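A single chain comes next, written as structure tokens; it is the form predicted on its own.
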Amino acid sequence: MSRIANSPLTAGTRSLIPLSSALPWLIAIAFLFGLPVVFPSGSALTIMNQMAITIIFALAYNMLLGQGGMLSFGHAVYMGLGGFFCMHVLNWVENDGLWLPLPLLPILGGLFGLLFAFLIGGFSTRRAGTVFAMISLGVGELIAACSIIIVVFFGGEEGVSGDRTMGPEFFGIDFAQQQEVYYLSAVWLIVSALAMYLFSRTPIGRIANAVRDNEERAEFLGYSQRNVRWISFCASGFFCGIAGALFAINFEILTEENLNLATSGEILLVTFLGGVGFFIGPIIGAVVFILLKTVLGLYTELWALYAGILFLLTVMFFPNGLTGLIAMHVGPYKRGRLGVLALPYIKMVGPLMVFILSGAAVFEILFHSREAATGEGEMTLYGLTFSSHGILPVAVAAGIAIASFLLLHRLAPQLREAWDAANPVDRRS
């Protein structure tokens, strides 16, 4: 056994590619490539494509916010610019005979995003904190305004469109089918996520954490905080450009909406919702947000209101995001006390669901009573049809919401006691 352990063929293998680190990536790859088998419909593939694009964008944004501590209010600019450039490349391929296989297009989008991140980051990363945030906001508004003025590049209010199928085939694939586009997005998602993860493990990624936590101490140790922020900013811009290229391939049109302040705020919401302190946080946040936007958006026009409430509650009570909420249970799991929380959680699930559904019913009834056309007072909610113009439906929904909230308040001490039992305080000095 000692000869095998000391063999030069196996020496250092565990430190180079530890199984504990490689296994999650292998599971993720198998999961991504198996999704179209489980959800083969065109609408499901479109949603999954949108998730892949948002995940890359959110991970790139987290390179700034979570890893470097830079709050940007205009980071959609680099995704949008990369996407617009790739849309023009698609048109050059169609009209001018430019030879470029479609799977290579995200590289061009990433380089274009990197170019503008290099230029803008040259002056915006000189300062951090509020100054950087305000500069990013100003740049974002400036580019958004230019998207209406510079019609030759941005296409004005109509945007720029193209056809992804007009390029040369890639091993017989013309990417006319949505499933083919999904696999392309999945491959670039894996490559981009792995590259960003490896970047976070490099010395510059570690130093970015040091600059985030204490920039004066990092400067004292000999590292230029401005250069560290600049490099992180450029890397983030590159992956934002990749996300923009995939957006151009998937939707075949880009407009001013792809780089305005609303999109920048949306990705900020996604990243905070998932958890900026974890690498997988933006991934979870992107999945949850896209599900709210697409699936929930099919049933209600108030999905943005519910997403905003969820974001507000997350920031107030779970500042580490949904991933942080999951990570809180790692300690009880390692101590073998996770079962202590099972009964209190089961008790609270029912009242919590009733509170959420009844609270949503209040908003839906009020919205319908205000926005319904004349003579269309009836609405159907949870399988029940009733008039939204009367006071009784709102009163019943509000009464159920209040009763369920009071029940949750009554059960809260039991959950608190169970949580303290599952997380005992070490009183040793």
Partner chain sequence: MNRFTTILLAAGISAATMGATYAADNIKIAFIDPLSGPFAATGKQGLAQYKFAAEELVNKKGGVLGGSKFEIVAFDNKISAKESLIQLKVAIDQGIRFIVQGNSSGVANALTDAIKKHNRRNPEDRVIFLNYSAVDPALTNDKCNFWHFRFDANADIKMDALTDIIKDNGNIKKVYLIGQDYSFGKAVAAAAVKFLGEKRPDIEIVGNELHPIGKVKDFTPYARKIIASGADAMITGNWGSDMVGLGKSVISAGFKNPIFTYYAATDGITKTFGEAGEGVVKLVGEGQLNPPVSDRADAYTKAFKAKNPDLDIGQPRITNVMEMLARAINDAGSATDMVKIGYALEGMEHDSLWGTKVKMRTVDHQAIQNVHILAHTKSGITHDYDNSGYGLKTESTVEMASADAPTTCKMDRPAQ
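Residue numbers count along the first chain shown, from 1. These numbers were taken from a predicted model, which means no experiment stands behind them.
The following text describes the form predicted together with its partner chain, which does not appear among the structures shown.
- Annotated contact segment (heavy atom within 4.5 Å of its partner chain in the predicted bound form): 256-264, selected among 198-206, 256-264, 234-242, 339-347.
- Interface membership of Gly42, defined by any non-hydrogen atom within 4.5 Å of its partner chain in the predicted bound form, is confirmed.
- Although the partner is absent here, Val191 is not a contact residue: none of its heavy atoms lies within 4.5 angstroms of its partner chain in the predicted bound form.
- Within this chain, Glu378 is remote from the site of its partner chain in the predicted bound form, having no heavy atom within 4.5 Å.
- Within this chain, Glu215 is remote from the site of its partner chain in the predicted bound form, having no heavy atom within 4.5 Å.
- Using a 4.5 Å heavy atom cutoff, Gln50, Ile148 and Gln177 all lie near its partner chain in the predicted bound form.
- Among Phe84, Phe247, Tyr182, Phe112, the residue placing a heavy atom within 4.5 Å of its partner chain in the predicted bound form is Phe247.
- Contacts between 138-177 and its partner chain, taken as any heavy atom within 4.5 Å in the predicted bound form, involve Ile148, Glu157, Glu158, Ser161, Gly162, Asp163, Arg164, Thr165, Met166, Ala176, Gln177.
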